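One chain follows as structure tokens, the form predicted on its own.
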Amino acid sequence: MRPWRDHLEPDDPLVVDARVGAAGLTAAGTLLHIWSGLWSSAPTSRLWHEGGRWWTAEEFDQATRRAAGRLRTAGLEPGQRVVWSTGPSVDALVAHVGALRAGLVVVPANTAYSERELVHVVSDVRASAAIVERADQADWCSRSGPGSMVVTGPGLDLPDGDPGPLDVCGPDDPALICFTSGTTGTPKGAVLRHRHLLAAAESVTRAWRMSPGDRLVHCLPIFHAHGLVVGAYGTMTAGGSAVLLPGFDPGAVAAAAVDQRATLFFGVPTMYHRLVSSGRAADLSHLRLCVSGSAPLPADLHAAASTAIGSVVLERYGMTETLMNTSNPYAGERRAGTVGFPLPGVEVAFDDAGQVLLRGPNVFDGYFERATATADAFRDLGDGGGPWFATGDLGSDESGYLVIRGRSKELIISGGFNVYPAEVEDVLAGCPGVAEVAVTGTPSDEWGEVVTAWVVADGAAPSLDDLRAHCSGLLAPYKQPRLVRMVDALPRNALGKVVRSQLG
């Protein structure tokens, strides 16, 4: 596979001095040190655009200081966990960065989570606070957390106070706990330390030539690593700016790109599908870079979007536990159907089954209080370089570029969000009329995949509406089935385990 230095310009310090290597990505210590330095050196530079006005770096810096003070005055101490479930807004980012500056550990949670899903996150990490935007979320957190739990909205309606020392977290201190799942269906938190976030943000900004002159059209969810680490963190690390949109709308994205003279757009395949279908993809033709991630971009959609935009969409590959892994090159051939080659500092290998293995400063150390799951996630190849993270993705090296062939863990990716079959099956099994159920993904031009339930009926067969009604309040909408297939029996192996690959 091509070496990661091929992503960089010849004068990049990581190239000029080969002895620096991947360690150069984390030389600054933490992102907080980089951001505070940039804000103080260029206080009047534009940072976030929202609601018809620009926030300057100085305004954002001061707002995050106030946020840190309010959180500390509320009784929160460094190292405590704060669940954070909000839509994209400057207030939400102020609260997020303020929490990090105060030494707190932020636990992003999907805003579409049901009470069952959000309560699991709150309880699992023993959260001391929750920053949520809806009244029902606040009620769920208040009832499931300790009596001393601080629950507030993105605007942090709390008393002002002295934040104390800011930005004192070290590289090894935890920064985020991002929830993911697995074949067990039980979501678990991946602990991402400050050094992991720094390595990922530095790697991407260097590889994609991000600079203070860049302006991103940001319409991704910020509770997801794509919108948070790549979009928001990348913007702040490069000293650039971003237009924050409350969600994705083809017309709003096109208007922001043109009116605000944007240079970058980061999206998922579903967004590119809608941009092409709406005829608005051509409005992105003046951007210097359009990136697609979070799910595979079908070859025909890649061609249609690239033609409409007038430049080749850059595909990359990342995941919760490792953030950013590989990317097609900014300068050089971007091959459709591949996710490029290792980003700076990242190593890629394959086990005997073709599973993609990863190692580098971006790779997490383990799951929150899940020693067994952590041990199962890593492989020692005996090469003396330390353990490799087993991604569950199957891939191959095709002339120096990584091609993802499938997934050994049967993950479904719908609209850029991960759906784990076992979790959905556990919920559907309790639906009246369901004797047995298995869940798979069905290819979709718009969504990438849609959740499909294969049901063995117990008496009267439940309809799709029946299944979705049962899931309401238990599963986020993107996890709920969009298709149902009635079958007489589920395929099983000799040990009685359902073989999902034989469905469909």
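Since we're looking at a predicted model, the values are computed, not measured. Don't overthink the numbering: it's just position in the shown sequence, from 1.
Separately, the form predicted in complex with ligand MCA exists; it is not shown, and the next lines address it.
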Open item on the list: Contact check in the predicted bound form: V97, P171 and A199 versus ligand MCA, with a cutoff of 4.5 Å between any heavy atoms. Do all three pass?
Closed with: no
TODO: Sort through 149-157, 78-86, 116-124, 320-328 and report the only stretch with a non-hydrogen atom within 4.5 Å of ligand MCA in the predicted bound form.
DONE: 320-328
- [ ] Mark G37 yes when one of its heavy atoms lies within 4.5 Å of a heavy atom of ligand MCA in the predicted bound form, and no otherwise.
- [x] no
Task: in the predicted bound form, H224 touching ligand MCA (heavy atom, 4.5 Å) - done: yes
- [ ] Would you check, heavy atoms only and a 4.5 Å threshold, whether P477 touches ligand MCA in the predicted bound form?
- [x] yes
Open item on the list: Under a 4.5 Å heavy atom criterion, is G415 part of the interface with ligand MCA in the predicted bound form?
Closed with: yes
Task: Sole residue of T263, Q260, T111, T270 within 4.5 Å of ligand MCA in the predicted bound form, by heavy atom - done: T270
Open item on the list: Using a 4.5 Å heavy atom cut-off, which residue among C290, A256, A102, L220 comes into contact with ligand MCA in the predicted bound form?
Closed with: L220
